[in-house]
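Only one chain is given next, in C-alpha cells, and it is the form predicted alone.
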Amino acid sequence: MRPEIFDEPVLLWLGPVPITPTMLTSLATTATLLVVFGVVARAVVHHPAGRLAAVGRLTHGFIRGLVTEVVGRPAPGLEIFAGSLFLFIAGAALLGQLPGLAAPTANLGAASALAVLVFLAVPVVGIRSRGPLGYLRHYLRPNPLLFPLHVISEVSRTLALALRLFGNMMSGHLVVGLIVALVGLIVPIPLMLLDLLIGLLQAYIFTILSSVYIGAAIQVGQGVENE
C-alpha cells in the first residue's frame, strides 16, 4: 500500500524526503511566480512606461499600502513577507482552476505550513524590535498569571489561520470539481470564477491577518522604546 501524508499519496522519495502532489504544485506555483515577477521587475527597470511595469508598481503599491495601514509606518521587511504570502496564495488559487489540479492551499499540510511561518515570524520580529527579554516580558503583562492565555492565544490564532484557508480553498475546489464531473466543463465556469474570487479574497484575508499579528509585535516594540 502506497504511504500517504495528509491524505495524499507519496509519489516518490528524495532520500528521506517524501514528495506529494501538493509539494509539486507548490513548487510549480513558486517557480511560476518567480518567473512572472522576474519579468515584471525587469520591465520596471528597463521599460518603466510599459504595462508590465504598471502591474509591478500597482502590486507593490497595494502591498505597501496594506502593511503601512496596519503598522502605521513603512516596514520593508514585512512588505516582502506579506507580499510573498499574498502572491503565493493568489497564485495557488489560479493554479487550482486548471483541470486536474488542486490549489496547494486546499491541502491542510500546505495551509498549516503557511500559518506556522506566520507563527514563527511574530517572535522573530518581536525579538528584533525589543530584544529577547523585552519580547518575553510582554507575555507577563499586565499580569504574570496571564502568561498561559497569551501562549494559547498565539497558538489558537495560528490554527485559525490554517483552518480558515484550508476550509475555504478545499470546499470551493470540491464543489467545482463535483459539478464539472456531473454536468461537464461549460456550465460550471461561473462557479469557477466564484471559486477564484474566493481564493483571491482568502489571500487578502490571510495576508492582512498575518500583517496584523506581525505588525502588533513591531508596534509593541515601539511602545517599549517610547516608555
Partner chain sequence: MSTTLANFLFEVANFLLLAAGLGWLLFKPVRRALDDERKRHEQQDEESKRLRDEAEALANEAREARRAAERELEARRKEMLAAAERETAALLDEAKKARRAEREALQGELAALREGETQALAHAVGRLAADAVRGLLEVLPGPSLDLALVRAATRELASLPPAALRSGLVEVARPLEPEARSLLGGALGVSFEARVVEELGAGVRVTTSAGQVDATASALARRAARVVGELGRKAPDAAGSPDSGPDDATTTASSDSATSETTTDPARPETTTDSARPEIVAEPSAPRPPEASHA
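Positions refer to the first chain, counted from 1. Here the structure is a predicted model, which means the values were calculated and not measured. Superpose the two forms; the largest set of C-alphas matching within 1.5 Å is the rigid core.
The same protein also has a form predicted together with the partner chain, omitted here; what follows describes it.
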4.5 Å heavy atom contact with the partner chain in the predicted bound form for all of Ser153, Ser211 and Ile218: no
Which of 94 to 102, 124 to 132, 73 to 81, 143 to 151 sits within 4.5 Å of the partner chain in the predicted bound form, heavy atom basis: 73 to 81
Contact flag, Thr207 vs the partner chain in the predicted bound form, heavy atom cut 4.5 Å: no
Heavy atom of Leu196 within 4.5 Å of the partner chain in the predicted bound form: no
is_contact(Leu200, the partner chain) in the predicted bound form, heavy atom dist at most 4.5 Å: no
The partner chain contact in the predicted bound form: Val45, any heavy atom under 4.5 Å: yes
Stretch 146 to 160: residues contacting the partner chain in the predicted bound form, 4.5 Å heavy atom cut-off: none
Did Val17 shift 2 Å or more between this form and the one not shown, C-alpha, core superposed: yes
